[in-house]
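What follows is one chain in structure tokens, specifically the form predicted alone.
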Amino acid sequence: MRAVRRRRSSRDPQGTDARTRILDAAEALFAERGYDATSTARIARQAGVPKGLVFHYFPQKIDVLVALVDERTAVEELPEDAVEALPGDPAGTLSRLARRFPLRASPAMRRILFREAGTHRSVGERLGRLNGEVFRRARRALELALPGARGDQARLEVAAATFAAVLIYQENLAQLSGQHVDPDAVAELIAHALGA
């Protein structure tokens, strides 16, 4: 008679697998404490797994951060002709753009992106792609909204860069100032500055 050896399940009672629990724990801890202030032991403890299992899935702690960025953030890229504009209405055009913000990430992942972008290359690259995409959309939308460019190209680029910065950093600005940053009000301000 052969003894049957049972494999220990890496799933918790709710059916969540260990890798997902590790990423969930890391996301919460990195958002709250920062990457450098979070140990792998703390991630394992919060995930309810042995520390060795963290290293089984992620050989180095940086691999946890890279997996979070790769799997839990997405920058939606649109073709140039997919940018929508309301001719003659740059404020309405920018407001519409704000509602179609191209970053898909939880609030915790957004905090991680902004906190870690300056010190971790993969995070900085993702944030750079986001900034580039928002800027490109804002510039194209303003060009379409202001046919004949009632402002020169340099002014449209400054306006697009300003709007992109406000959209991307609005949560951080709100945390710093204690005030909600209203993208529609910023759109109105930019339209006024462009003379529209």
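Note that this is a predicted model, so its numbers are computed, not measured. Residue positions are given as counts along the sequence shown, with the first one as 1.
Form predicted together with another copy of the chain: not shown, discussed below.
Answer option from A85, A98, M109, A117, heavy atom within 4.5 Å of another copy of the chain in the predicted bound form: Of the listed residues, the single hit is A117.
Another copy of the chain: the contacting residue among V69, L146, V54, A159 in the predicted bound form [heavy atom, 4.5 Å]: Partner contact (heavy atom, 4.5 Å) among the options: A159.
Contact of A37 with another copy of the chain in the predicted bound form (heavy atom, 4.5 Å): Because a heavy atom of A37 falls inside 4.5 Å of another copy of the chain in the predicted bound form, the answer is yes.
Interface membership of N131, another copy of the chain in the predicted bound form, 4.5 Å heavy atom rule: Heavy-atom contact with another copy of the chain at 4.5 Å: present for N131.
Partner proximity in the predicted bound form: R45 to another copy of the chain, non-hydrogen atom cutoff 4.5 Å: R45 lies outside the contact set for another copy of the chain.
Distance check, E188 to another copy of the chain in the predicted bound form, heavy atom within 4.5 Å: E188 belongs to the contact set for another copy of the chain.
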